[in-house]
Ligand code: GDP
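Starting off, we have a lone chain in the form predicted alone, written out as structure tokens.
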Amino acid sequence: MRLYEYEGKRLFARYRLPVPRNVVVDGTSLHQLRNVVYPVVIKAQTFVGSRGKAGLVQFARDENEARDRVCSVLGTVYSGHKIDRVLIEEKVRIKKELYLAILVDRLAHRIVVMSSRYGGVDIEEVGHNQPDAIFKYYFSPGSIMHAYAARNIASEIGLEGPFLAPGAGAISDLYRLFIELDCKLSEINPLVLTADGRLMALDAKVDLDEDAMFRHPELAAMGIVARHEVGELSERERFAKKAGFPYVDLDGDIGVFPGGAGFGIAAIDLIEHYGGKPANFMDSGGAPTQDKLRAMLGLLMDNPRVRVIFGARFGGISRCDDWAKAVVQYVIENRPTKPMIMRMAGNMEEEGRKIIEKAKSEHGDLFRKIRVYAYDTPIEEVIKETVRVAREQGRPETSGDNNR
């Protein structure tokens, strides 16, 4: 369960991690603006990225300016999400930005502390372009972090002299928060050194294990309870929820139209392995109806980010001919222009293939960009072709999140 930035910072403060002085304001608490130290940063509270480019991170020099800008942000609908609260915090002068995160390495089955001398940027890009700039320390589940380990991590990212002890303390405190609250992720990006000599967590990202919330009544006392953030679903995610199938938006350009959750996850991994960017996760479940299949396909076709659709059906409980019927009916009724590259194998495969071939012979122009492979073509080859076609179509522009 992801927390808002202001909730993460409340937990940070509870664990003695230094954060800027701040208040949270909604439409009923504008009087709180008199309780902050100016100048301030005004941050819309949302899980959606690119807040800065959307005008949802602003600055104010005094209370009157802050009131005007808070009112301009509250009620804003951003990517389908209404902004109903903002975080107001002191503006700090940054001398240096660092990166610190703790998460579970699912392959190693261990906790990993990741740190870098480069913060405030896309850490994945840093890891790709400068792998030596990312430091990793592994800990066994349940183990404590000794003081010497925290000092080693602090030293590696350049916290020396008067900053070594507070830096090691911040690392130890973040680790303790991660362990004690059953976190999936606790991240500070950036952890900054300020011009006036302070160490401070300028941002906070905390993901909790909702299945462990019953162990933490202290969180409920803070207003943090197990929840499903329906308000933070994208428009497509809300549509899928209402239609009755799991769907999650990702930031790529290859739409994924799979046969089940397990294969959907595998398809995402394979697409990324071969250099592509998946646009979504989706699960049709066992024996989906024709209406559901067409709705799933339509969701991908209507997504402006999607350049090509990868589809796969391994017929088991669900049948290949039902899947083929849904594809054919959708194409004939909606006349899509995006390429579709698919693979079909398993239960009723031959019948499904005949349905596709008949549609191609009768509506050749509509099916010109649709290719359906059989079991004798490895799924890896189908995905490689999909990635190649996506590159030929051209990638949409993406932007990072500047939330400072």
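Residue numbers run from 1 along the displayed sequence. What you see is a predicted model, and the numbers here were worked out from it, not measured in a lab. Rigid core here is just the name for the largest C-alpha set that superposes within 1.5 Å across the two forms.
This next part talks about the form predicted in complex with this ligand, which is not shown.
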Exercise. Does every residue of Val41, Val92 and Asn189 put a non-hydrogen atom within 4.5 angstroms of this ligand in the predicted complex?
Worked result: yes
For this session: Look up in the predicted complex whether Val57 has a non-hydrogen atom within 4.5 angstroms of this ligand, and give yes or no.
Result: yes
Exercise. Is the gap between Gly120 and this ligand in the predicted complex 4.5 Å or less for some heavy atom pair?
Worked result: yes
Exercise. Does this ligand come within 4.5 Å of any heavy atom of Leu202 in the predicted complex?
Worked result: yes
Problem set entry | in the predicted complex, Arg343 touching this ligand (heavy atom, 4.5 Å) | no
Exercise. For the chain shown here without its partner, which stretch in 375-383, 358-366, 42-50, 65-73 has non-hydrogen atoms within 4.5 angstroms of this ligand in the predicted complex?
Worked result: 42-50
For this session: With this ligand left out of view, choose which of Asp173, Asp209, Glu272, Glu97 has a non-hydrogen atom within 4.5 angstroms of it in the predicted complex.
Result: Glu97
Problem set entry | Within 4.5 Å of this ligand in the predicted complex: residues from 1-22 (heavy atom criterion) | Glu5
Exercise. So with the core overlaid, does the Cα of Arg51 end up 2 Å or more away between the shown form and the other one?
Worked result: yes
